[in-house]
Every structure is written in C-alpha cells, then in structure tokens.
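As a starting point, one isolated chain is supplied in structure tokens, in the form predicted on its own.
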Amino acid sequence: MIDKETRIKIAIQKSGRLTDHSLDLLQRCGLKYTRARDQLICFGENMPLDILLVRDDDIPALVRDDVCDLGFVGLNIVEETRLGSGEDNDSETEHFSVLRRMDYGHCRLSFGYPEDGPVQSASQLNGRRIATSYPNIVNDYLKRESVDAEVVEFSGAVEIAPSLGRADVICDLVSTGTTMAAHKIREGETLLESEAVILQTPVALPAGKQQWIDRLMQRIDGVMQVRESKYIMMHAPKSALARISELLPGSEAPTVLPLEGLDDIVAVHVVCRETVFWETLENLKGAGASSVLVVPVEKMLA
C-alpha cells in the first residue's frame, strides 16, 4: 500500500493545447487513473501520482510554493511568471527546476502588425501601443531594446485590439499563424520560442518521492524517444547491406540474422528514430530489400 505522504502531485492545464498531450503522455508511461465527472483531480491507481487540473498560469506558482511536486506547462507561462516576480535569469532554476523540455506544445510569442497599419517592424514601435497577454515578457523586450512603447494588457482575443482602437500592434502566441492572418495581421519578430516543459518544486523531496519522479522521467524519456520511431524488418541480399544501412533514417547499426536455407539473403531488423516515408520504403526495395515491414514502437529504454 502506498503511503499518502509519498504521493506525487502533478499540476496540468485543465483545458487547452497542452492538456490532452500531457495526459496522454502520462498514460503512455503506464499511469492508470480515475476521474469523477466534473472533478479536477485524477487519482493514480497503479502509481503514486495524482493529477491536479488547474489554470495554466497558476502552475509555476503551485510548483514554486511546493503545493505540487511537478508541473506540465508552457515555457511562455514560466517566463512570464519569472519576469513578473522580478527574478533574473540565473534564479530560474532556483524557483522553477526545469526537468525536461518536451517535444510538444510548440508555439512562439511574436509581434503582429495590422497589414494596413503604420507599424510594420519592431524598429517602429517607439511611441506605439502594444496589446498582449504577456506584459512582462514584452516589457522585458522593450527594456532590453531601449524601445519607448506602451504595453496594454489584454486578456484573450488579443488580435481584435487594433480594430477596437486599443493598440497599434499586438504580441501574441502563434502556432500556425491562421488566427493572425484571418484578422489581416502580419506576424513579425519573435520574442520567445515556447514548448511544454516539466517543472519540479525547489523543495527537497523525501527519497521515496524523488525515486518515483526519477522513474517517471525515465519512462517519459522512453516514450518521447520513440514517438516518431519505427521498427523495420526486411529481407535483403548480403551484398546490399551497406546501401540499405545508408537509406535507413536515424538508425543505429541494424541487427542481421541468417535465414534458414538461404546463404545470400538475411533478415534485417532496425529501429529508425526519424520519420519513415513511403519514399524510404521504395528506396529500400530499389536497393534489393523485400518483405519490408514497418511497425510503430510503443516504448523503449536505452
């Protein structure tokens, strides 16, 4: 039986672009949890992990204040919170121990200029108004670049600020750019490249908790490592092995196995850690491979 004191609390955005990715990641790490309807806590059944579903901008403070042991959140939120607390860059690891940068939730914080507006670059921002949900990051940029502009804090739907007469330009998160384009706003300079990160509390944890966190990080590494990986099996002439190895994307040395009754043909097994396209398979066949089979890799420990 798992003692209540050893249970790990993980803060995750309750709704938004990181929620499904983060929950799916934990499930792929083996976590089974129960969640009653309309409840914001998920209780781990087979691991001492409980998930708290909260506002994303509350996550850094919950981790910093040791309310939660871990937090899954966007780097943009971490940076906005850090700058808002008056910390310098060197203090980030003291308050937000970033365990992992994750390969999902990619976006960027960029300036946006109305296509018919008078401002079309950061060099023209002096004396202008900038609408944003990230005033700390924008003010930090303006200070570093010695730009005298007014930052107008705007919650949600920042792209409508210019049409409302509230601002001359905007600074907002961009994933695909379609929202800005729909409002006839051109994306400009990028202030921050963001992605999902995992934060850990700065408070020293009991050995039991830390061991479980280390174990979870190892599983996350295994899941992330093979997300695009494929296991490829094929038959090939021995004389074609060198050429086939060159064609396999992001692979280690293949495993070569003899085939019963065949001297010149062998079985080749390999894990490819990059995307395998149809062109890859066609090139392998052109090099002499046959019976090529590609299957996904669910998990792997190095």
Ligand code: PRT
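Since this is a predicted model, take the numbers as computed values, not measurements. From 1 onward, residues are counted along the sequence shown.
A second form of this protein, the form predicted in complex with the ligand, is not displayed here; the remarks below concern that form.
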Only one of 53-61, 239-247, 262-270, 38-46 sits within 4.5 Å of the ligand in the predicted complex by heavy atom distance, namely 53-61
Can you work out whether residue 16 and the ligand are in contact in the predicted complex, taking contact to mean some heavy atom pair no more than 4.5 Å apart? yes
Check whether residue 74 has any heavy atom within 4.5 Å of a heavy atom of the ligand in the predicted complex, and answer yes or no. yes
Flag residue 173 as yes or no: does it have a non-hydrogen atom within 4.5 angstroms of any non-hydrogen atom of the ligand in the predicted complex? yes
State yes or no: in the predicted complex, is some non-hydrogen atom of residue 125 no more than 4.5 angstroms from a non-hydrogen atom of the ligand? no
Sort through 178, 121, 163, 211 and report the residue having a heavy atom within 4.5 Å of the ligand in the predicted complex. 178
Counting non-hydrogen atoms within 4.5 angstroms of the ligand in the predicted complex, say which of 216, 107, 149, 232 makes the cut. 107
